[in-house]
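Before any questions on how it binds or moves, here is one chain, the form predicted alone, in structure tokens.
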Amino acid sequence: MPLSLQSFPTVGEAQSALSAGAARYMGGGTLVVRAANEGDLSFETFVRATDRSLREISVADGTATLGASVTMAEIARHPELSTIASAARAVGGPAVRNMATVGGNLFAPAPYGDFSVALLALDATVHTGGRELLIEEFLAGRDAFDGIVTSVRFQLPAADAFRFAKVSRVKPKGISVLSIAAVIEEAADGTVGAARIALGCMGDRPMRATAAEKALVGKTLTEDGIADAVAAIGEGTAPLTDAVASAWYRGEVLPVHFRRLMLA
């Protein structure tokens, strides 16, 4: 079946074309082109928007706004995004990072979507068609989402507050066994004042580790202080079984890598 590509100068025009049916929006193409190559017959047309705002990165007053077409490579080398660069660099190899976009990553099914795990830990908001959605709300409903994501926005964490780890069998660009992102804010007395932890591959989409978050608050980041959080990190998860790892394996190694990340 022949496939066509339609480009539009504005998001609104692209949205109209997308709504006509048998079309799929294409950001960097790492997901939808692969789907076409694998025989997905649910669409006949790639739709893309060339609106420059989709490629913009803005950092002002501690708030970062990333256009949906910003690539992982652009994030990784941006001087004002160095705090979160580790999460962007975790996505594929250099060729993939030059194409993979923020918007596309939000739709990436596990075991992909490592940057979305970071966005969940960062408590990002997702912007689309004049609407602003909490990232948890967006991720919960993304299977039925029929709009175009235009940008994400989040508060940049302090330099030592953001932690990220990707576990894979093939380094440096292997598919995830699991990924962990955390924003840990320490109080003046050295205890954890607030914690927001997100996990990848421990469900069909990024998820919060709320039990571990609660267990960390008021504790120190020491072996004894994190013990309850390590014990709780797998609570509520439903790990994947796929060609990369079994659910059992993911469940076993999650507390090991979470402990290392908290003590790093």
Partner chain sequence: MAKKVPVQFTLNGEERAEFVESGATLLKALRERHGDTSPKGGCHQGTCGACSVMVDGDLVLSCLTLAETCEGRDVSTAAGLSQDGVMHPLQRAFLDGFAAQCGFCTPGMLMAAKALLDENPNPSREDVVEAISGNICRCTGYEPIIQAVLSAARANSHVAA
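Positions refer to the first chain, counted from 1. Everything quoted here is computed from the prediction, not taken from an experiment.
Another form, the form predicted together with the partner chain, is not on view; read the next lines as being about it.
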- prompt: Is there any non-hydrogen atom of residue 94 lying within 4.5 Å of the partner chain in the predicted bound form?
  reply: yes
message: So, residue 5 and the partner chain: in the predicted bound form, are they within 4.5 Å at any heavy atom pair?
response: yes
message: Considering non-hydrogen atoms and a 4.5 Å limit, does the partner chain approach residue 131 in the predicted bound form?
response: no
- request: Determine whether any heavy atom of residue 98 comes within 4.5 Å of a heavy atom of the partner chain in the predicted bound form, and answer yes or no.
  value: yes
field: Candidate from 219, 208, 205, 48 lying within 4.5 Å of the partner chain in the predicted bound form - any heavy atom
entry: 48
- request: Select, from the options 210-218, 194-202, 36-44, 226-234, the stretch whose residues sit within 4.5 angstroms of the partner chain in the predicted bound form by heavy atom distance.
  value: 36-44
- request: For the heavy atom contacts within 4.5 Å of the partner chain in the predicted bound form, list the residues of 111-130 involved, in sequence order.
  value: none
